[in-house]
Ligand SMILES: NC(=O)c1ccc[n+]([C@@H]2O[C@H](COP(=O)([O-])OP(=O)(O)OC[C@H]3O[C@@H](n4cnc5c(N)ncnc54)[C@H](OP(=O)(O)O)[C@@H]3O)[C@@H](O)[C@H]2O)c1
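Okay, here we've got a single chain as C-alpha cells, the form predicted alone, with questions on binding and movement later.
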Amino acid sequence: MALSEKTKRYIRKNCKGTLADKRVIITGANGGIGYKTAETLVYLGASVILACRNPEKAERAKNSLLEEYPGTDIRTMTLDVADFKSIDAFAENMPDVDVFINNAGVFHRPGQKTKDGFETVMGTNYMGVYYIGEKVLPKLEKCGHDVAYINTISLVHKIARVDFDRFYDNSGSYFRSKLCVARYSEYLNNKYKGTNIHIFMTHPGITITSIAAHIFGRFYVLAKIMPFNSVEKSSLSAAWLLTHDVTDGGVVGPNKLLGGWGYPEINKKSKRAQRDIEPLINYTQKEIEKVNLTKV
C-alpha cells in the first residue's frame, strides 16, 4: 500500500530537502516499519538497499516499491541478523552507503536459539546488531564521507535491567535487548566521536503491530482504540532525522506522552541507557569471542 496523502503532506512540510544523493541500507525492510521506512526514504529520493533474511520476500518488497516509484534505485541484499556467518558475508560485500539503519528485530521466541547458540531475541536484537556494527563501521569509517548510523531502540528499554547471570532468560529478553542496543549506541557515539561516523537512535513509540500485541497482552484491545501510531506514522523517524540537524548520539521518536505516539522529534535520552556501558561491552566481546573460537 502506497504512502497516504496525509503522510506525503507531512513529509513535504516537515522533511524539507531531498535525499537524492544518498544511498541507504535498511535491515529487515521487507515488511512492517522497515518497509515503510524504506518507502518514506524512497519518496524523498534516496537509493535504498533492502537487507533481509529472506531473499524472496526482499524481492517482493522491492517490486512493490518499484510499482509505486518506477525508475527508483532499489536493490536487495541477503542478511540474517541472527547468523554471524551471514553478517560476515554481508559486510564483505556491502557497498559504500551514506546511511545504515538497523531495523531488523524479533520478539518473544521462547526456547529458540540463533545459529550461533544465543537465545533468539537477545541473539538477534542485540548480539546481531552489535556484530553488524563491529563489522561494517570500520569499513564505513574509511569511505571518505559522512555516514549516519541509526540503531532502532524501544521505549521499553527505560524499564529494563541487565543481569549478566540471566542475560539470556526468555523473560524480559525483548526489553533487555533494547536497553543493550541503547547502551551500545552510546558506546559507538563515544568511539566514533570526531570521525565521519554519526551515531543516532530512533524508536517507533507505541505502534499497532504484532510486537505491541505481545507487550500489551490483554490491554492490546485498549491500545488499538488509543491514539497510538500506525506503522506508517512510526516509520517517519528516520526521514525526519535525516532532514534535520540532530546532534550525534541523538534520539528521535514520537513527540506525544513520553514518546508513546505522535510525529517525530528529538527525544530526551534516558539515564539508564547512559550507564553501565563498559561492563556490557566487555561481556559482549567475551561472548562473541566464544563463538569465533568455534569457527576456527
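Numbering starts at 1 and follows the sequence shown. Predicted model only: the values in this text are computed from it and were never measured.
Below: the form predicted together with the named molecule, not depicted.
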Although the named molecule is absent from this view, report whether G31 comes within 4.5 Å of it in the predicted bound form, heavy atoms only.
yes
In the predicted bound form, does L179 come within 4.5 Å of the named molecule, counting heavy atoms only?
no
Counting only non-hydrogen atoms and a 4.5 angstroms cut-off, does T76 reach the named molecule in the predicted bound form?
no
So in the predicted bound form, is the named molecule close enough to I199 to count as touching (4.5 Å, heavy atoms)?
no
Among 64-72, 51-59, 237-245, 262-270, mark the stretch whose residues have heavy atoms within 4.5 Å of the named molecule in the predicted bound form.
51-59
Would D80, G105 and Y174 all count as contacting the named molecule in the predicted bound form, using a 4.5 Å heavy atom cut-off?
yes
Of the residues spanning 260-283, the ones with some heavy atom within 4.5 Å of the named molecule in the predicted bound form are none
